[in-house]
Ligand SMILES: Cc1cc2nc3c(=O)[nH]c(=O)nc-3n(C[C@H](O)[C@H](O)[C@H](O)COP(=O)(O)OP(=O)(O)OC[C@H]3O[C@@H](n4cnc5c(N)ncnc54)[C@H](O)[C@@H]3O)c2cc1C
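Below sits a lone chain in structure tokens, taken as the form predicted alone.
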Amino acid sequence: MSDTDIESVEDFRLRARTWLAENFPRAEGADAFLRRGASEEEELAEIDRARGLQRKLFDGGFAGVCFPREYGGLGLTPDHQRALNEECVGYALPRILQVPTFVPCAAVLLEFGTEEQKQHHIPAILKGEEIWMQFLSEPSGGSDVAGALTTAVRDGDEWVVNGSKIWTTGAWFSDYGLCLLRTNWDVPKHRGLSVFIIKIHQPGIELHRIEMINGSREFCQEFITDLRVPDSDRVGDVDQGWTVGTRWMFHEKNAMGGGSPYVTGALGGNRNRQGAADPMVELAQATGHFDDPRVRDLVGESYMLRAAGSALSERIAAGMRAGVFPDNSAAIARLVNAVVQQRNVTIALDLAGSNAAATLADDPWAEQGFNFLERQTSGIGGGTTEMARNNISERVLGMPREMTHDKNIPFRDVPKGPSGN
């Protein structure tokens, strides 16, 4: 499309504001998904509701703002997506479909998928018909996803997959996984990987749910045995999975840092409209200590962190779009987002005090104790903060790389610890 064919950002904003007010439900409380005490039936109902809301966005002309029109998107700009995100504050958005379905999975398909793969999957994703997860971590791998031991061996037009993936959020209710597999053991580890599309619920995949400290069981481990995957479901070239993987990680960090143009709604940071209630203010008022100078300092610190984190994410995203910042700068926003989240969880615990252990869902301080116990997850999911710091130091600041003992060594000759299966 020419620039004259594109709807102005302001016209798009006003149209979205009107449509949302007339057609979309307001957010009411926490989603059942990831909530302590939610039953499987409640979680499945929440997933079905999210699919329906995504379809409503699609039918209303507000799904896939920056996705190409030939795949069902709107073909508009990141400025249009940001305008929609701002107008969506306070509405019951299908957040669980945004990450990792839209980012990084759909974003990776857009960059590396075949035309057939994009035509088949992207429209279904935009309509809420397909939920995707990423099969990256392994029991023996930690943050080193390039050390994948799950193998894919070619057999004619198919690949035979064996191994295990872990910490796959929501795999039990999802449809497809974007999977990084070992296809060559005779080259250094980064050169022997390939990426595949895997249908999750089929013979050959045994799925186990993992119970977390708060009782939630959204994380899963998959045991894969002699699973046959057609070569037509390969994404990118054989043994070039790390080329796909580096962009995969970029999209993930960009989403976690709040800068992805493919995500609808805010995943974190200070995204409230002016005048909207501040959760920390509400919590401090509920405890009856809002006039305490120390409490007010904590509330102010929380607001400052969220405001600064949001502004930083927007600046980095704009800099990457303009080519001023390298793509690896997404790691900065990802790191700051985790630091802000962890500090805010600690502040909320301080504000709630002894009430942080409350178990009643309607208590304003409910869940603060569990949130504190789980605070480290924001520095693990989406790539650890340690990996983000390495990325920033080496890829953004140009500092010397860490020493490694597996460079230029065939992966089969690299010493490996127990798999942990």
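Position 1 is the first residue in the sequence shown; the rest follow in order. The model shown is predicted, which means the values in this text are computed figures rather than measured ones.
Absent from the display: the form predicted together with this ligand. The rest refers to it.
Within 4.5 Å of this ligand in the model of the complex - does that hold for a heavy atom of every one of F58, P68 and T264? Answer is no for this spot.
Based on heavy atom distances of 4.5 Å or less, which listed stretch (122-130, 148-156, 163-171, 106-114) is in contact with this ligand in the model of the complex? Contact criterion met by 163-171 only.
What is the one choice in L53, A356, I47, M387 with a heavy atom within 4.5 Å of this ligand in the model of the complex? In short, M387.
Heavy atom within 4.5 Å of this ligand in the model of the complex: which of S216, S137, Q81, N184? Flagged contact: S137.
Counting only non-hydrogen atoms and a 4.5 angstroms cut-off, does P188 reach this ligand in the model of the complex? Because no heavy atom of P188 falls inside 4.5 Å of this ligand in the model of the complex, the answer is no.
Although this ligand is absent from this view, report whether G236 comes within 4.5 Å of it in the model of the complex, heavy atoms only. Judged by the heavy-atom cut-off of 4.5 Å, G236 is well away from this ligand in the model of the complex.
Hey, in the model of the complex, is G72 touching this ligand, heavy atoms inside 4.5 Å? G72: no contact with this ligand in the model of the complex.
Can you work out whether S143 and this ligand are in contact in the model of the complex, taking contact to mean some heavy atom pair no more than 4.5 Å apart? Heavy-atom contact with this ligand at 4.5 Å: present for S143.
Of 371-406, which residues get within 4.5 Å of this ligand in the model of the complex if you count heavy atoms? Residues within 4.5 Å: T377, I380, G381, G382, G383, T384, E386, M387, N390, E402.
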